[in-house]
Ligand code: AHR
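Consider the single chain below, provided in structure tokens and representing the form predicted alone.
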């Protein structure tokens, strides 16, 4: 090897060993020069019962399949009605559990179980969510109180008492049990347990006597559930807090694909099935493969939205079964769509109607006589082409004629690019320009980085709702990860949403929640298990941006050789927000030249770390925002932007 080649190789080696050199950028803005008014509903939530987000999640019910209605819609089997239940747990006891439908509790709850004891103390128990044959169960905590109710009936030949108890699988009691003598009619029995231990429990029904009893609609909930006085029993408090901490301006519910249903018409999501007493709500099989108890129903969604300060945004189907799936029955005909329109009008009445109206009266009876103030309504989810637009037109005209004050959300289809959204937008601009257009897309992180200017050239005549989006990174251990890089890419994209928030009226990450080990889709904003809530880097980005929404976009210019630094500057009357995203592997030294900003101290909130870093239940604080301060004088300051970082500066203007 000659000397020239040796020198060249040494130089190449030195380049590899040299630390990444910081780039330098300059951001210039004048707080007094603004461009567009910002949407006051920009950041919100989209909730769908996917990944056991409702049953087993946000809904506080601790029992799975509490009323024995579980049955797969495509492969129904009688044994499925016993999902979540275990029996013959008492040593030496003999008996059986039989699925029954004669003389049910009510027509919407047609299945119950008849438990027969022939010898010993036969025990029948609910094991809760995510339990296996040998471990897991209902998470109870020492000193915490739980409310329980169950409908019981003597099948006609039972001689003895029934004990309702919170126990271990071994039979060890965790709280004081209670015994009941049954009648030959359905009776609702209520009791409370205060657990003496922190354990994975089961709710046991122990037969002290022989013969048969009937069991239906059992429930166990924490007494301190959020909304414990609601008809459904309430919501899981720590998950509600996680939602409230996102400071959402709207709540889109209940889906998603579950709104349209899959395969059969009976699988349509009917909002009327979800209101009224919980024991009379008709359960439905979930598009994502499990039952919806509807304990979390339309009344509870409206109540949740109100509680967290979010505008309710319900989505109803358009008469189409899910277009992305192979359906087994025809969609609603146009005449049937016209009839179905009354259900939508009834929904608006339920939300906003006077208490003298039938559906307004039901709302009042459930505990909320005041109207919920519904202003938005989505018709259809990820639908496209004539099959959608012909049905949408019928529903749109009927709703607008009866309620011109309601803003309707239309669908641009399930993808970001190509013929489907182009055709949708063509139809919308010609006929439905007064709707807000729901765009959905799940793309690689780099796509989001290269499309931060997506909405720069959209016509300003029709508003956009980015109803579902998330950065999808390569699968790791069977999951697309909620890593820092995906969150940084989303943050970069959100600077473009803010810059164009005169046309982008709303945006919400999706999916919102996932129960660890029971998920069907990744990534997800919030993860949880039976006892803990895990916040992702993506969650913190949403939280940081939603906490610093301006009223106006401020004109600004970034001079940088680093093409992976993104920014937006906004303001209110009182503060100036500077949002900075460095999606590169290099540190960036940024000089700020901000006219119209008085000398003082700015707050700094920053999210940064290793590119592939994730939060886990064992290490939940691997990537979390860190708050600090910086001085600002003479209209200038300098700040370092670490690699893979999101930084938000708040400057007082008064």
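For clarity, every value in this text was computed on a predicted model and none was experimentally measured. Residue numbers count along the first chain shown, from 1.
Missing here is the form predicted in complex with this ligand; even so, the following discussion is about that form.
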**OP:** Give a yes or no for residue 288: in the model of the complex, does one of its heavy atoms lie within 4.5 Å of a heavy atom belonging to this ligand?
**Re:** yes
**OP:** Would you check, heavy atoms only and a 4.5 Å threshold, whether residue 100 touches this ligand in the model of the complex?
**Re:** no
**OP:** Find out whether any non-hydrogen atom of residue 521 is located within 4.5 angstroms of this ligand in the model of the complex, and reply yes or no.
**Re:** yes
Original post:
Should residue 607 be classed as touching this ligand in the model of the complex when contacts are defined as heavy atoms within 4.5 Å?
Top reply: no
Original post:
What stretch, of 509 to 517, 353 to 361, 187 to 195, 369 to 377, brings heavy atoms to within 4.5 Å of this ligand in the model of the complex?
Top reply: 509 to 517
Subject >> Contact residue in the model of the complex, chosen from 214, 498, 382, 490 - any heavy atom within 4.5 Å of this ligand >> reply: 382
Original post:
So which of 256, 295, 314, 319 gets a non-hydrogen atom within 4.5 Å of this ligand in the model of the complex?
Top reply: 256
Subject >> Residues in 429 to 445 close to this ligand in the model of the complex, defined by a heavy atom within 4.5 Å, in order >> reply: 440, 442
